[in-house]
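This document starts with one chain, in the form predicted alone, laid out as structure tokens.
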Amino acid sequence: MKQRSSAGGWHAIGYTFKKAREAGFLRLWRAMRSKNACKTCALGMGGQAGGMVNEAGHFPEVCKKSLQAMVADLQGAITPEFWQTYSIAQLQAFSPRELESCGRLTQPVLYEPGSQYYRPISWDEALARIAAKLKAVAPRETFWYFSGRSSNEAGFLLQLFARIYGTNNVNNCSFYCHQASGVGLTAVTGSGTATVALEDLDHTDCVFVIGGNPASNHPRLMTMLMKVRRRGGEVIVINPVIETGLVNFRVPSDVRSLLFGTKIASLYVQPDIGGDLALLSGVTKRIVELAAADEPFLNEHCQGWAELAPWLADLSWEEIERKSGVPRATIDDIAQRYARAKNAVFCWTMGITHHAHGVQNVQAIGNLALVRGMVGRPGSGLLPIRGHSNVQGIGSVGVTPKLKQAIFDRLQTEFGVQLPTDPGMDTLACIEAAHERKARVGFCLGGNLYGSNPDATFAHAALANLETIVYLNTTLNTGHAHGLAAETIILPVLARDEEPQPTTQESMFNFVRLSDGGPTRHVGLKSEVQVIASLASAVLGDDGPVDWTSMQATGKIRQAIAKVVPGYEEIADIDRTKKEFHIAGRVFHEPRFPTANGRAKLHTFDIPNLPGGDNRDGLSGSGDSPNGGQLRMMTVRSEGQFNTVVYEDTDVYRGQDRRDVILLHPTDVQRLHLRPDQRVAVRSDTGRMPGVLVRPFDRIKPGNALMYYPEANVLVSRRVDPASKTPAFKSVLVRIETDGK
């Protein structure tokens, strides 16, 4: 495939018509316009303003990701004959895209020892089996995993069930994506979420986009970046890869942009993979040297300036250049542009968090923003771009191993219970506990736990050691084929816009949205809340502190959330008032922060060497032989993908027609004596991936490489950032072996 010169535009429009033909034009239109929050990224659209409308009321706001998710939910049902036709071995041979395209799950199915197939079972049998198993094991031998797809109501109810049952092994998918953002931001501002509202982006004149590719993964953000450029503002992109959509994007809903394209990046900077901490610290150092630091703000509203200032002064430019892979002149260019800005917003995604020092990366972004007083004022601030539509809300309502003290105290008071106080396990710790047979049962509310794990071989073996695992999903994914326990039960659940009762979600701008639900598309499905309440009733009974059967009413759950979760008080009446709201105390338009002393905190670091050594070309080992020389590899998502869900095997913006590839700079292809489309094996200290095609890709820095997630997870180690427990998906040292079998 040929790389495109711009993203979005006519291709996106053509793709929309293609998906509409698949689902039916009128059917898709009605689904997209329903009053439900978007099912994909957390940028925010839908809710009571109707679909295709963002939080500011702008129409039309729609992207390929939301279309893909909706069309997947509009699929026909998987028939009973399917389960008799395809064995587990055959399902394991399916690609992620093929599994997603099998159709909607509409009946519970069971895999059990001695069988080579799933078999359909009744809801009564499925729930009875799960309840019996939970009664038979110790609560500490269970774990409860949540995706960001579910509603606040389902998340709150399930974590309440798990804790009253007796465990804190409650965690969510953020441990594998943005947990480093939450931990890092809390250390900087005292709050783990964005400090800005959507409208702040209308008043900024400088946006940093660091370690992300929103043109593919959060396309609605591109409209905002287009507007910044039209106002004469700066968009500074920091990414080891030149991504097409961040160079030029055609916003389909804007005629001028559609016809002529919009230049997005005013400056595009390519550090080496893992070089962000050094680069960000270098820009901060240069801001101070330019006398552009806001010292009154730093002295009055920040803690740690007395330590940061001398640390920056002592940080040598030689170390910064060596450990970032960026020359001093480029760093000076970034600083000069930032110094001219009146307002700046800092955006980042998993290119920042997926490192063994991910929290420090976030703290370094905090330093850069604070040094110019760009936090605690309108039009400026910190914005982690979260990848799932309610992953932030799931965390807000208590889905975390350790509850915030206020939520813990209010839960005990509201329900008259004694909650467990022993430390709960994060997501990877649960997988490791399963591997050691210390965990016996797993319960997964949405998502793809297997597919999201590093070290896929280890994850497969760990989940196989479980006695029972339960999945609540709408469609099949690789976890259902490879993440099998001795007993595996899949429960088919309703999509957000099929719920019989209203639910709520929280965007990455701390905005709580109301979804009305809608008509059920298939018989035999239950809502997540209905499943959870039924199980809790069967396991714990309704005569205890909670009448679980009555908690099938989402309005009753919202009443409890309003009483328990600080900032969520307005949710109590949201289904009556239809009034969506910002969570109080999270957006900072004044320099008052929820820290112990009311000040933001600056940080200093020991900047690590680049993965594989910090030599100038970023390579180690001999490059003279085909098997010599290491490469820094990061796993990435394609344009036709959302998180672990693969909708299309093609990646049109990077010009790739398949996913079993490694993208290398042409100089590395030549240095390693490789040929385009040669089959090779890629090896790391964790695993080996054979049958990979070499693809020259001149938009990545030499010494660095790209492979697709989740297929390349077999190469990713279980090394984590110690502060957040987020795995280093984007700092993988690999070698290429020419025997590609």
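Given the structure is predicted, the values throughout are model-derived calculations rather than measurements. Residue positions are given as counts along the sequence shown, with the first one as 1.
Omitted from view is the form predicted together with a small molecule, to which the following refers.
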| item | value |
| --- | --- |
| Contact test in the predicted complex: Leu370 vs the small molecule, heavy atoms, 4.5 Å | no |
| 4.5 Å heavy atom contact, Ser452 to the small molecule in the predicted complex | yes |
| In the predicted complex, Tyr338 touching the small molecule (heavy atom, 4.5 Å) | no |
| Proximity of Asp276 to the small molecule in the predicted complex, heavy atoms at 4.5 Å | yes |
| Per-stretch contact check against the small molecule in the predicted complex, the hit in 393-401, 466-474, 538-546, 414-422 (non-hydrogen atom, 4.5 angstroms) | 466-474 |
| Proximity to the small molecule in the predicted complex, single hit among Pro108, Gly351, Gly612, Gly442 (heavy atom within 4.5 Å) | Gly351 |
| Partner-contacting position among Arg671, Lys601, His218, Arg129 - heavy atom within 4.5 Å of the small molecule in the predicted complex | His218 |
